[in-house]
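The chain below stands alone and is given in C-alpha cells; this is the form predicted on its own.
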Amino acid sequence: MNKTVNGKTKIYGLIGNPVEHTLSPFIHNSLAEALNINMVYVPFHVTSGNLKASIQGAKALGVQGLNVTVPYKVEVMSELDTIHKLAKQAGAVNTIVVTSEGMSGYNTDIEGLKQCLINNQISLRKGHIVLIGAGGAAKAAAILCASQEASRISIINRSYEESYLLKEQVKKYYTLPIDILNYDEISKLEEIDIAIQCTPLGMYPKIDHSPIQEDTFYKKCHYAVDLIYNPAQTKFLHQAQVNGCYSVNGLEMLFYQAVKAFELWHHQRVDKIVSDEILQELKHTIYQ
C-alpha cells in the first residue's frame, strides 16, 4: 500500500492488549486508500494500568478516533464523555469517536454482527437464539438479538454468575425470555433457530477444541455462527455443517464492525462495491 503521510494526515488507531495480530489496520487503511482519505490507522499496545493515560495521550496528540479491543471494552467507558445507546445496553464500547464535545463511545460489534447476518440472509426476528458463552462478544450478540425481536435467548456457559449478569444486563432494556443453562443441560434444548458461538474455544492454534461435542445439539440447529474467524472453519462450524446446519464464521462481523467505525469517524457511507472488494482482499490475505 503506497501512502504518503504528511502534516495533514489524521491518525486513528486501536488500543488493546495484545494487538500484534489485529487485522484492523489492513481494513481501515484499505478503506482510506479506496476513498482517498488522508489518514493512517495503527495499533497501540496498551499494557495493564495504562488505559487512562492512553486515552489522555490520544486527546493530547489529536488522535481522531479509536477502536478498543480486549481487555478494555468495559473499562474504557468510564473515560468517555458520552456513550451511545446500544453501547450502554451492551455495557461495552469498541469504537471511540472524537467530537467537539469530547469522546463518544459506540459498540459497532453489534452492527457488524447484524450486517454479517443480513449478508447471509439470517433473521433473528421471532427466533430462538442460543448463545454459547457470556463474555464481551456474547453481550453484543445478546443485545442485537433482543433489539431485533428474537423470541427467546438461551445462554450456555460454565459460569452461572457470568450468565446471570448477562441476563440482567439485557433485562434492563428488553422483556424477552432468557434461559440460563450449563453444558450438562444442553439436552433440554429443543428446536434452535440460530446458535452463536461467542467463546475463544477453537481459535487458532487450538483448532481441535469446541465448546459443544454432542451431534444431537447441532441436529436441532438451523444456523450456526462462530464469532471466531481463524481458522475459517472451526470444529464447532465443522460439526454444525456435517449435521445439516448453514454455518458462518466471524470474519464478516469483524469486517463490518470496522466499516461501521470508519463511517462514524468520517461521517460518510462506504459504498457496497468498495466494501465488497476489500472484504474479498481480506479473505484472500488470511485464507489463501
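Being a predicted model, the structure only gives us computed values, none of them experimental. Sequential numbering from 1, following the sequence displayed.
The protein also exists as the form predicted in complex with a small molecule; that form is not presented, and the subsequent description refers to it.
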Q.
Can you pick out, from E162, E79, D179, D193, the residue that has a heavy atom within 4.5 Å of the small molecule in the predicted complex?
A. E162
Q. Though the small molecule is not shown, can you say which of I143, A134, L117, A92 has a heavy atom within 4.5 Å of it in the predicted complex?
A. A134
Q. Among 43-51, 60-68, 221-229, 26-34, which stretch has residues whose heavy atoms lie within 4.5 Å of the small molecule in the predicted complex?
A. 221-229
Q: With heavy atoms only and a cut-off of 4.5 Å, decide whether Y183 touches the small molecule in the predicted complex.
A: yes
Q.
Can you tell me whether P200 touches the small molecule? I mean in the predicted complex, with a 4.5 angstroms heavy atom cut-off.
A. yes
Q | 4.5 Å heavy atom contact, M39 and the small molecule in the predicted complex | A | no
**Q.** 4.5 Å heavy atom contact, R158 and the small molecule in the predicted complex
**A.** yes
